[in-house]
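Quick heads-up: it's one chain on its own, the form predicted on its own, in structure tokens.
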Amino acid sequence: MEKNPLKHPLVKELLEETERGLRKYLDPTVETVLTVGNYIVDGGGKRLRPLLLLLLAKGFGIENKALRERIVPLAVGIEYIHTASLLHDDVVDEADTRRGKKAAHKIFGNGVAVLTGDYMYANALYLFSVYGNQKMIEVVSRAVKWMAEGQVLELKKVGELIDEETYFQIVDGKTSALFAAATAVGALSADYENWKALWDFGLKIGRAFQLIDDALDYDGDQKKVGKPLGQDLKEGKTTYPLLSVLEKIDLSKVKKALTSTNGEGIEEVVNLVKELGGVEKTKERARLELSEARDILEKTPLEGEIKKILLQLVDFIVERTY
């Protein structure tokens, strides 16, 4: 079995189509918007959301010509939405870096970064209005609404200890919803009737993806992850690695780290979470979510190479180191 599905020839082909599309459909008349857009697009990323959309469309019967002409723009639209959310998130979080580079707002300013994000959202809507249909627009609009709610909830909980229910409410909004929209649109593009099951498939994948992101914030390779370890704590965010071992940690130390303005106490809490098994507990929860995702996939008519790649992607999400 291919260890890294992103190296599979078909996957590489679909990712190349996506990269071409990201540049093709980025066509503002204002040069600054193009500069900022290219800056964050050139920052790379795994492009898992558009990849899942394209794999499902192909798996459910969309031929190559139609895939390039009709479905790639939809995949690009999904990635534009993701890109817009990153531009906005970095301004809200006052982040210094993104994918190992200076965050866009640090170079171009908050106003330009936010407005370029607005352009990306609008461009995504335009692509869906031209190449999609009403149901797809409904699904994607629902996801974007959910994303905004999740991000606002996360912002309101900065510096606070939250419970597991609130954590997943945030995660389902800010991350899982767009994965769900991508997989649902992939199914809808081929008129697959049970597309709602694929929405659930994407939701599970999104949960697992965020859980692993949160684990890497405590125990990842800083160069691979592209941001300093302990960044979530520094931003005052309670995530699953901490939640999973919270009963074993002095809460006064946790509250001190969450509200620290100079980084005091953060390294101590990060080390405690690792020592108490918080990282592994997070990975276990991610594996549970992905097991449920596999069960959904097994009940679809997908088969052959596409199904094999999708199952490999499920494994890759939980085993990745970046």
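In case it trips you up, residue 1 is the first one in the sequence shown, and so on. Predicted model only: the values in this text are computed from it and were never measured.
What comes next is about the form predicted together with a small molecule, which does not appear here.
Undergrad: Name the residue from 137, 153, 144, 112 that puts a heavy atom within 4.5 Å of the small molecule in the model of the complex.
TA: Checking each option against the small molecule in the model of the complex, the one that comes within 4.5 Å is 144.
Undergrad: Considering 123, 238, 244, 210, which brings a non-hydrogen atom within 4.5 Å of the small molecule in the model of the complex?
TA: That would be 210.
Undergrad: Any of the heavy atoms of residue 172 lying within 4.5 Å of the small molecule in the model of the complex?
TA: The answer is no: residue 172 has no heavy atom within 4.5 Å of the small molecule.
Undergrad: Are any of the heavy atoms in residue 89 no more than 4.5 Å from a heavy atom of the small molecule in the model of the complex?
TA: Within the cut-off, so yes.
Undergrad: Report yes if any heavy atom of residue 84 sits within 4.5 Å of a heavy atom of the small molecule in the model of the complex; otherwise report no.
TA: Contact check for residue 84: yes, within 4.5 Å of the small molecule in the model of the complex.
Undergrad: Mark residue 249 yes when one of its heavy atoms lies within 4.5 Å of a heavy atom of the small molecule in the model of the complex, and no otherwise.
TA: Close contact is absent here: in the model of the complex, residue 249 is far from the small molecule, nothing within 4.5 Å, heavy atoms only.
Undergrad: Tell me, please, which stretch of 126 to 134, 90 to 98, 160 to 168, 68 to 76 lies within 4.5 angstroms of the small molecule in the model of the complex when heavy atoms are compared?
TA: The contacting stretch here is 90 to 98.
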